[in-house]
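The same protein chain appears twice below, in two forms, each given on its own as structure tokens and labelled structure 1 and structure 2.
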Structure 1
Amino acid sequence: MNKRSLKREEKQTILLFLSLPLLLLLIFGLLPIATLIYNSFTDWDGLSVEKNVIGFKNYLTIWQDPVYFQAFTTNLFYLGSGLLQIVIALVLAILLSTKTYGKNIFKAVIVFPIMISGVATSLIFRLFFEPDGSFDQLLHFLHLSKFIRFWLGDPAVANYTLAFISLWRHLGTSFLLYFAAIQGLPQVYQQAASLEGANLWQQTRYIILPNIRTVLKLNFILLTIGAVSAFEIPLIMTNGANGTATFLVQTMKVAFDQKLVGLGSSLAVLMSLIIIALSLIQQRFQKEDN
């Protein structure tokens, strides 16, 4: 058997092994995306067998009606929660990277929430923040009854409550990223700095932060994407009521509650484009660091 026929057989073997994964990717990956994009140019209600192509009318409706973009203001609460999460997780990672008494217990407490599903977390906090629930009882016990609110029913505080739950739920993820990055730094840097008399703040400013900036940028982009696509917590906790509907929750309601699947598909396409743009920015940061 000559070399040329051997290469042909190798190509046929590779093609044979790839054919099934490629077919599955086409059916379950690319075809739904293509269908979503097509639906965004129709007036389909999700029930009728007819789909009338209406061009860019759905996109013009979104552009001309500010109510669809107002949901992004709700996403800003989750973005603020994400920024606070970066700061708290970074401080905790730095402190627990030093010789701290009982740090394994603290690490377990911080990481524990990410092992609970989002649905379970939402149900737990729904009971916790319900009127006269555990949180209200705690405020009564601390003689702080005057601060009791309808934590999930008052539009003035509901988004803050949900943003706090999101912070509690995802803090462990950011902590693990920072802690692993700090543990990966050569110990000789900090040992030399300690010998020179540098305190923890100086070591953080001149050694830790410059060496983990890639992780900081990556985590910021991931949190931004998470803020844009916040869904399960507002859906389960309030079903998007009382001004808590994020862009994704609103998209679902437009598509299925209002039976405007075509318009909902347009909203989903726009959100996908935003997430793709953020991912491209993330890749650009990584290339600059490399």
Structure 2
Amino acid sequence: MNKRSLKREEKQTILLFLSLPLLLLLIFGLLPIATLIYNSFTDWDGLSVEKNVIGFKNYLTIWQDPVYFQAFTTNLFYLGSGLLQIVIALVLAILLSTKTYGKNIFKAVIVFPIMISGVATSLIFRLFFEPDGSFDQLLHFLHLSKFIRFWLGDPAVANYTLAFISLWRHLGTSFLLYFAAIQGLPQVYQQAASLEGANLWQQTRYIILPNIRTVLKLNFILLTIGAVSAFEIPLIMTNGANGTATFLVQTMKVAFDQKLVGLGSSLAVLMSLIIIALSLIQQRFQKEDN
């Protein structure tokens, strides 16, 4: 086959393989985002035909009115739960990488919650945290009855409750990342270390932690992005009531309930910028480690 016809076939292949996926990408991926950015410069209400370009006015409103950024303080609860997730998942992964009875059962139970849908999860926990529900019963049993609250209704604790549910639901992913990373470490180091009498803490400190640094960093950034975009659990559990509206839940309320699509779009654009910045940081980290 000569060179020119090969070149032509290459072009045909590229065209054939890319045309449908790129069409889908364009229509259902990029076009909505372009419209989103355009809307963020308008005063559109989402329903009427009228749509005026008002420049950066929406962004100015957000900048001047601290109420919009305040929702990010709710996201901090999810960041906190993400940090806790790293610690607990790491401990579980290290413990289970040693010889353990019933290892497979522990592993399966830790991972399974990530397979349960958000709706099912929130129903489970609505029942769990209701007054006189299973959680209150547990507290009675532990003689801690005086701490009982309206776990989902009291603004002082509702966010802790939701952050815990998020932890319950997502811990399996972190656990898997760490567990696989630890399994991937060369066994000789740990064998040598335990021969020399190093205990589990010393092995963790000097062998495991330094060697899974990349995974820890990656997971940290992923959890941060997850915390910034937390939305499903507060939406289905409380619909953002009692001070549980995260930034994204609030953005949806502004856009859909208050019919301020323009302003809501600006909030969405700002949030995307934050996520893009975080992703760039993550790529930096990964490059450094390679």
Partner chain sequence: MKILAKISKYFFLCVWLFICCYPLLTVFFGSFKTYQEFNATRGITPPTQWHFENYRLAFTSGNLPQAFINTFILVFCGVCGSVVIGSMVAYVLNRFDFPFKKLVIGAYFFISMVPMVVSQISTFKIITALGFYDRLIAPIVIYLGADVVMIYVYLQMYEKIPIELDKAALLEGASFFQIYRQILFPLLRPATGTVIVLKMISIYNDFYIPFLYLPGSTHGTVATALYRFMGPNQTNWQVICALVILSILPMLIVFLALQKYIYESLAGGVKS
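Given the structure is predicted, the values throughout are model-derived calculations rather than measurements. Take the two forms, superpose them, and find the largest set of C-alpha atoms that agree within 1.5 Å; that set is the rigid core. Residues are numbered by position in structure 1's sequence, first residue being 1.
Trainee: Can you spot the form predicted alone among structures 1 and 2?
Mentor: Structure 1, which is the form predicted alone, differs in this respect from structure 2.
Trainee: Fitting the rigid core first, would the Cα of residue 211 be found 2 Å or more away between the two structures?
Mentor: The answer is no; the displacement is under 2 Å.
Trainee: Is residue 73 one of the residues whose C-alpha moves 2 Å or more between the two structures after the core fit?
Mentor: No; residue 73 is a residue whose C-alpha shifts by less than 2 Å between the two structures when the cores are overlaid.
Trainee: Aligned on the rigid core, do the two forms place the Cα of residue 133 2 Å or more apart, comparing between the two structures?
Mentor: Yes: residue 133 shifts by at least 2 Å between the two structures.
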